[in-house]
Ligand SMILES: Cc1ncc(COP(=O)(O)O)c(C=O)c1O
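What follows is one chain in structure tokens, specifically the form predicted on its own.
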Amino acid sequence: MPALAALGGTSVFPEGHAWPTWPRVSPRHEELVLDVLRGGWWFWGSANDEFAEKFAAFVGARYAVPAANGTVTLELACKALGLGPGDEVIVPALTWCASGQAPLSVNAITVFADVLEDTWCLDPAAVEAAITPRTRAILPVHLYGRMAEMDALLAIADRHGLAIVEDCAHQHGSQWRGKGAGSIGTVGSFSMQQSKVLTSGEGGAVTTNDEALYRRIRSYTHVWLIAEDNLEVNNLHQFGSNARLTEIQSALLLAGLETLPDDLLVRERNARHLDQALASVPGIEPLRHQPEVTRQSLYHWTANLRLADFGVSRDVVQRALAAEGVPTILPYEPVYKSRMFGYDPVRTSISCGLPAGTLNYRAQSFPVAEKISYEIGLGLTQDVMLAPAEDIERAAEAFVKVLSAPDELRKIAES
């Protein structure tokens, strides 16, 4: 039976309705890119320098190093901190694979810890339980539309002498007690891939308040630099890499940075409306409001479905919402369940200096991460969250309509 017929009536949204498209291209993008094309210098020029300065100021960090992408920035952070064989880094079990592989890229050991059900971010108690004498760093991920519990994580790091690498790929502009994501821990990592709220198609940046770390990270993005003075040399003192961001990408990011504050306000306003509209609706629970977050960037708006009394699974609700014109998205799969981490655990163990077979990630289990990923988690993407207020109201109405019709949902499940 079609979902529309099962729910009765027509879709909440008119036929042919279109959500905002992303990324947006403005005359400002074209102007700044043309400036680069006419200038004839396409890497480490004035656009790159200007973006580094303005992005650091936006985040509230002393330094920013633009780089090729958000995977590279995590690897640069691990390398600059001196992480290596035998060192352990605690990473949330629910995140994108780049967060989990970053420690492994420097032959350190990724140690997964479970997340909180009401924020989907690292559980500080699970972090504390995962610490061993080999632990060197915590890698919290500010996931989708929430931030990791930074007060608790900073206290843990301070007690144990650990570095904190903030993965801010989803959080350009979020603030914890007035401090920008990426300026709170030891180092921050940002992605500017096409789906992100600040994008140059591909790109990234590393932020820090530590001058020595800044010099080291910057030198790693170019094969002819040494960390001590950032001078070009032929007699290399360390291995670097060509992980630079191009001038054209920097120009695109400069244009995006001009409109980002206004976009953040739109997304935050729309998310707040959804949170309030659905707060008392049976079957759905928006993620916990964090009063410590004084500005919220949103990659996705996120919620947990509570369907025990409905007798249906999440995919049925998704199908019904789609029939109402509301596109939803599921959370990441737990990292340790991905094929990447089950492909060759023996080789991974050897590279970390451990006995063969020690790191059997696929055998691990983190129940909260698995529950969120496979059963209850649901989201709306950041482009949807840029929609006009009336569209967000209609989306809320669609959620209410779908979740107010458990009998009809069961018919859809049986069809």
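Residue indices: 1-based, along the sequence shown. Just so we're clear, the structure is a prediction, and the values are computed from it rather than from any experiment.
Form predicted together with this ligand: not shown, discussed below.
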Single option in Gly185, Pro103, Pro334, Gly203 placed near this ligand in the predicted complex, where near means a heavy atom within 4.5 Å | Gly203
Name the residue from Leu122, Ile138, Ala169, Leu76 that puts a heavy atom within 4.5 Å of this ligand in the predicted complex.
-> Ala169
Among 92-100, 264-272, 319-327, 281-289, the region lying within 4.5 Å of this ligand in the predicted complex by heavy atom distance | 92-100
So, in the predicted complex, is Arg218 in contact with this ligand at a 4.5 angstroms heavy atom limit?
-> no
So in the predicted complex, does Gln193 come within 4.5 Å of this ligand, heavy atom to heavy atom?
-> yes
Even though this ligand is not shown here, does Ser373 get within 4.5 Å of it in the predicted complex, heavy atoms only?
-> no
So in the predicted complex, does any heavy atom of Thr71 sit within 4.5 Å of this ligand?
-> yes
